[in-house]
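Below sits a lone chain in structure tokens, taken as the form predicted alone.
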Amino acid sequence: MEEVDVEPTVTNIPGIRYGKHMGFAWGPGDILVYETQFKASGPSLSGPAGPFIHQVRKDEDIYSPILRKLFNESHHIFVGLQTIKEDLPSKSKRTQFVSISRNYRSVIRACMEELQQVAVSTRDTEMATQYGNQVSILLAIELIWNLCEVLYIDAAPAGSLLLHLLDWVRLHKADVDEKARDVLQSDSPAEHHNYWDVVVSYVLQGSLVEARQMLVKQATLQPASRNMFKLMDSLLGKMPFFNPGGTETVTEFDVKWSNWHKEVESYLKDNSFASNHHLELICKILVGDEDTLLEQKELLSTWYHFLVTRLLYCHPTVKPFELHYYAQSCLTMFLDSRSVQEPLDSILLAAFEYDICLVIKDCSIVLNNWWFVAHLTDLLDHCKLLHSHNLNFGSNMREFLLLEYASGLFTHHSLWQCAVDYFDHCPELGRACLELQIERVPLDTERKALKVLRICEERQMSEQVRSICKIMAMRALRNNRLGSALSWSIRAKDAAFATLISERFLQDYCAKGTFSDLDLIDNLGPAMLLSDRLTFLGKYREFHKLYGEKRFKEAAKLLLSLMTAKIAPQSFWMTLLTDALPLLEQTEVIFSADQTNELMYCLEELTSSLNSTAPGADRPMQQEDVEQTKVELLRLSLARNLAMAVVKEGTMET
């Protein structure tokens, strides 16, 4: 087994007494931890175990209302990404992939801004700290994602690459614009204490237009140095930037830039700015003097900002495969021997080295959930950058990370619906995992059960459909909601359970004399064929409808067929024969002689079975007397009806 790269994080559980043995139970997204009385030497009865069960969550972020928006919005982007056709031209696909990457980043940034607002407005110090930590994590995520977009997805070539890196640095060094706003809003911007910091910061970022605008304000205050400022303005204005959409080649641009660079060096050697150390500092930055750049650590703030500034003024046509050499040297130069390399530094360095696997691996270790690595890996896989990276346990890297992320979502009461689409787009193990996870969704309400059921039916997951329907049917039956229970059992196509519920309906009818849930029984349709008892229930209800509509002959024929075809359970024959009494007592003959004979045969068969059962606890004497009275009444009515039927049929023959 491969060893873990880092020590696992220690989670302190408040309330746990030191030296106590802990018991635990694993869950899909969390662990339940509790104290036990166990000791190494054997069970101890010296004192009671702790009264609390502690829930340790693996991923707390999914319970944050703001971050939940991140999960929901990114889900829509993910689904859209899966619809991009494989047969599109590579250039067209790359444009779409870059657009999707920016959509992901915009969602990250929107959540980050909302978290910042909440962190500022909240009065709870603990919550403000938590929001601040989440902002820091999202900042790092967006920084890494943006760099991966530049290097891998957009895959900018030499010349364009530096322009993208400059945009990357400017986007993540927004404090310069805030300082500039403070300076410009002051009474005398050129005399503001942050004025030169802003000018130098703009130069370090390559924002030379803004730097020139700021220098104009200083030039108006120093008429004697106007020529010097004019010369600096000219150098800044003449600095060439590569135009990807132009006709100029990288080689032509390189020559043009070299000429400009030599001109700046000549002015520096001539001491043209010696009388103004600020302008001289800017001139040294323009020539890419490493010592001068390293002196601006406070303004640069990070080694990767130092890297981009160094490339801008020393190697503007840097090629992608050269980046890792410059990145490693800048990291070494920028961090002194006492500085500790942060995890973010290692991840960015791996990105500059084009080691995608290491970027994903380190992010998986450092970050507290799978959202970032799952979505970035999926996008990179669509860009055909991960096809060679398969794992040794049945799945590729993309699918493994998506499965982990989706499994985490399934522990949330609403985000589980988003997780379904992630499983759908994992061709190897997605369906198997979905089948296991869908069974763990708590069916709190009938509405939620219907949602889960629809998902299963759309994917033809017949076992899960039956399981859900059985659970809901049993729950409805326990609550004496027979109509709902029957509906769920029919949906599950569970003949045994449908028979049980049909029996309950018939028992209720015997007790109350009426049916409940008539709408359901009246509209059973072909579903009544699921079981014999359900068929009987539907047909028996049909008999009552015919009787109510005074269609006596049809009702009589149906009633007789229920007994002769053995559809009705024999325990219900007495009820059916009792239902026949009003038809036998009609002035008009309803039952023919043959039908009456069949009814008499059924009655005799029933009485013989009743006589074979001695009175006991199940059939007290009083009940037996009632049944005997019913039998006598039935015999009398049947005999009278037979006589009338014979006379009528004989008269008709004559």
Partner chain sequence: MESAKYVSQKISKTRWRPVSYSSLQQPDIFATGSWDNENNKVSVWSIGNPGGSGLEDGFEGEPQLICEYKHDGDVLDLQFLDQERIVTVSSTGAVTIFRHHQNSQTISVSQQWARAHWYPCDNSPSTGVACNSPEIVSVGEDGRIIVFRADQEGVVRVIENADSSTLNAVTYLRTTEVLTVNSIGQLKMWDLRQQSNSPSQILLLSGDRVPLYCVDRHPNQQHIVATGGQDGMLCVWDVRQGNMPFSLMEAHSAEMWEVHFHPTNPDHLFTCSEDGSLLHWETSSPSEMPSFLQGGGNSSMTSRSAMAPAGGNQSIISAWLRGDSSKSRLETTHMLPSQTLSVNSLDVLGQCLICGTDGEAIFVNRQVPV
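Just so we're clear, the structure is a prediction, and the values are computed from it rather than from any experiment. Residue numbers count along the first chain shown, from 1.
Beyond the structure shown, there is the form predicted together with its partner chain, which is absent from this document and is the topic of what follows.
With the partner removed from view, the residue among Glu263, Asp175, Asp421, Glu439 that has a non-hydrogen atom within 4.5 Å of its partner chain in the model of the complex turns out to be Asp421. Contact with its partner chain in the model of the complex, defined as a heavy atom within 4.5 Å, holds for exactly one of Gln464, Ser487, Ser531, Thr292, namely Ser487.
Under a 4.5 angstroms non-hydrogen atom cutoff, its partner chain in the model of the complex lacks Phe572 among its neighbouring residues.
Put simply, Thr332 is far from its partner chain in the model of the complex: not one heavy atom of it is within 4.5 Å.
When its partner chain is considered in the model of the complex, Glu404 lies well away from it, no heavy atom lying within 4.5 Å. Proximity of Asp517 to its partner chain in the model of the complex: non-hydrogen atoms within 4.5 Å are present.
The stretch among 445-453, 91-99, 555-563, 539-547 whose residues place heavy atoms within 4.5 Å of its partner chain in the model of the complex is 445-453. Residues of 460-490 lying near its partner chain in the model of the complex, listed in sequence order, are Arg475, Arg478, Asn479, Arg481, Leu482, Gly483, Ser484, Ser487, the criterion being any heavy atom within 4.5 Å.
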